[in-house]
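Form predicted on its own, single chain, as structure tokens, below.
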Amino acid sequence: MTNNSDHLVRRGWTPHGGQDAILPPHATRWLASRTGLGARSTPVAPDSTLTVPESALPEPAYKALADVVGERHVLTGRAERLGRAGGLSYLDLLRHRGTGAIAVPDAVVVPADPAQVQQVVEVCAAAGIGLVPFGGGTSVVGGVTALRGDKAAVVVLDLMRLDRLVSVDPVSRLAVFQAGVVAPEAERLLAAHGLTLGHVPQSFERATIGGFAATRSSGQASAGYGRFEDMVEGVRVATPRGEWRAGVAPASAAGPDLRQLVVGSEGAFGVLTEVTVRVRELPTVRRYEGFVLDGWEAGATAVRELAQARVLADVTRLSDPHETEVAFAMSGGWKTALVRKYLRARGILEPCLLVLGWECTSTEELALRRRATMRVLRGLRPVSLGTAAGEKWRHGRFSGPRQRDALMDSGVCVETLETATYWSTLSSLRTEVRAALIGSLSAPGRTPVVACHISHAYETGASLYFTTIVPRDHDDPEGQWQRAKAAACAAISDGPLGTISHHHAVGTDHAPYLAKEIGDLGTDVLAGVKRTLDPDGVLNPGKLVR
């Protein structure tokens, strides 16, 4: 078996060639005073200290896979396998720092095109080998964990070589991408045609087109461009039963939309190899602004009224008072005391930061849309922070994941979770989830910060995205977050009506709560689809359907 050192994957949120985040002194001081964070750090562990079992891939399966993709692209070396072991959740990153066991695949297979993917799937099905599709590896819910299930071995199918823009139809505004194209590259390729996808989640720098579709991703500008499932016009899928294509027209009444069986299926029904997406004209004019409203209820009301008046900006993001506090305190450019003094003089006692961003193709379009938005917003008496605050957010929009690496270096337990609900239950669900997180994470000497924002709004409801920051329990760091996540999930599934996931997907973390949301009959429907497409259960074992 080969021990090829190509295609290494870095463990951490900072992308290849990116600049590592560093916590400035003022941020460290704030964390110490606000949370009780001490001086103890948790650096990244050298790979040589991590336990990586020998590959259990049978020799006949190895040879069959090598016949398909070439021996150079069946990677069984320690570093290559460790580089695709799990996603980028707090627990994943913690395990790569030497805490807890890592589920390491037995091999990494790197096919060159959809035909090779189909052959790899068929080889694994015939050999009874588990197969985990892997794009950018940004799952934060265990979606790419290399679980064996009842299989003797499991391989990761890395789609990085499926990196082509296959075709562009500028008349219909359609583009066909191979599944492994990373989001920034997709935008670069489309820009050459004067087009954009406009899908910009926080994982943008690393995530892939196939991953967006497999998880029903939602981007920061989804109010303007839509969620990713709204963009998908067609799919090409490799399954153990053969290749499957779905989507032939912009709309159809020819039965249920089978594309939606694949979109959100997390690789459990098949491996996405190509995705046809709806694209739009590349924006030439952008304007981002910051506003502050007084208190969560006023802020949520503002977003609801904008949504129901159908005048949302492309980016509409509301931070609650706790997240606003974090933003003020962690940002080196904002002098917290001066900002608070300025806001209090204008009657703002519980600041909630609202960021609005418009992306348009002309100054006339921008003026028209902004005027409609501001007509609704002015009635709620916001305080404007101007374009400087909006631009600061836009230019730092991907700093959160990188900052997580720096926070973990400093001994912080930092993690996120999200949900969505209707407007009538939004505030009560936020209250319940916050209480669950605070109650489970509070301990002598450790005071958690639980922040929340709305990043996706609809006429009927909105998402809630929570971030927790608390000093790590060094005696039981895994259990610290596992208990908190369980408490929050129970608050979502047992309390006010909410979904267990708005855009992070199911993975392993949310699997125990799925049946309660979709019902036993819904679980049977998914299991029936799984049996039809993947009768031997080799595709992404332990995810979505158990």
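Since we're looking at a predicted model, the values are computed, not measured. Don't overthink the numbering: it's just position in the shown sequence, from 1.
The form predicted together with another copy of the chain is left out here; the points below concern that form.
Using a 4.5 Å cutoff between non-hydrogen atoms, A484 does not count as a contact of another copy of the chain in the model of the complex. Among heavy atoms of G242, some come within 4.5 Å of another copy of the chain in the model of the complex.
At the 4.5 Å threshold, heavy atoms of A511 stay clear of another copy of the chain in the model of the complex, well away from it. Using a 4.5 Å cutoff between non-hydrogen atoms, A505 counts as a contact of another copy of the chain in the model of the complex.
Contact annotation: of the candidates A152, A112, V383, L174, the single residue with a non-hydrogen atom within 4.5 angstroms of another copy of the chain in the model of the complex is L174.
For the candidate set A298, A372, L343, L165, a heavy atom within 4.5 Å of another copy of the chain in the model of the complex is found for exactly one residue, namely A372.
Judged against another copy of the chain in the model of the complex with a 4.5 angstroms heavy atom cut-off, the residues T215, A253 and V529 are in contact without exception. Stretch 491 to 499 is the contacting one of 491 to 499, 476 to 484, 31 to 39, 44 to 52, since its residues have non-hydrogen atoms within 4.5 Å of another copy of the chain in the model of the complex. With contact defined as any non-hydrogen atom lying within 4.5 angstroms of another copy of the chain in the model of the complex, the contacting residues in 434 to 461 are Y458, E459, T460, G461, given in sequence order.
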